[in-house]
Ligand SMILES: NC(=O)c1ccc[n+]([C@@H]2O[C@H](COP(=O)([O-])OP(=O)(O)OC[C@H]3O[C@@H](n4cnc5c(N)ncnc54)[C@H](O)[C@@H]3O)[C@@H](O)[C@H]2O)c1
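There is one chain below, alone, in structure tokens, taken in the form predicted alone.
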């Protein structure tokens, strides 16, 4: 898909947003959508080459900063960098995430620790660091990228990943409750099947593990979707813009599915 509808232009004027995992997929889509909507975007990624390439396409006041959200000190450093360089942080999008295609008996301790370190622990400590800054400035918005895997979607890549995304949904709700008095809104987006590099990775692993063709693997990925199409990153980005905008000023603690109708809750 192309750029977002021009009706989103100006929704995020004068806002400073930190978006993690911007080197590909949903992170790239969200960074571009935020820039189009008027925000100043600081894009973070562990892959410096990929991250800089994306942010260079945005130009203007937008910039890249390298960071590994699996490291708590780097979570704090990312927020400090944004505040030092831009004076404030109005929006955090916790998008960075990892997974792999694994059967129940294939999940190792190393897999578990890596997936949780990024998807759950890193997400929380980055949220905590951003909330400290937002509390001092009088408010802000946090958008956590969860997944319908966290609501029990059977087609998830593995049980550990599903557990992290369930944790994101729960942390979003509790954080929204505890941060509301500081004017901080916290919501999560739960994508379904989405065409990203992560999607391509999982498709490749399924092909290798099960021996099906690529066409069969992709067909299997979308056949259960009522609308019969996977998300594009822009589908997630449009909701991320709304949740960061003044239009969502009274929305907090929610987990929004974007999945073509796969999950009802």
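Positions refer to the first chain, counted from 1. These numbers were taken from a predicted model, which means no experiment stands behind them.
Only in words, not in the display: the form predicted together with the ligand, which the text now covers.
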>> Is residue 198 near the ligand? Define near as a heavy atom within 4.5 Å, in the model of the complex.
In response: yes
>> If we define contact as a non-hydrogen atom of the residue within 4.5 angstroms of the partner, is residue 96 a contact of the ligand in the model of the complex?
In response: yes
>> Taking the ligand as it sits in the model of the complex, is residue 92 in contact with it (heavy atom to heavy atom, 4.5 Å or less)?
In response: no
>> Taking any heavy atom pair closer than or equal to 4.5 Å as contact, tell me whether residue 47 reaches the ligand in the model of the complex.
In response: yes
> Just one stretch in 160 to 168, 129 to 137, 174 to 182, 79 to 87 has heavy atoms within 4.5 Å of the ligand in the model of the complex, so which one is it?
Replying inline: 160 to 168
> Quick one: which residues from 39 to 75 get a non-hydrogen atom within 4.5 Å of the ligand in the model of the complex?
Replying inline: 45, 46, 47, 67, 68, 69, 70
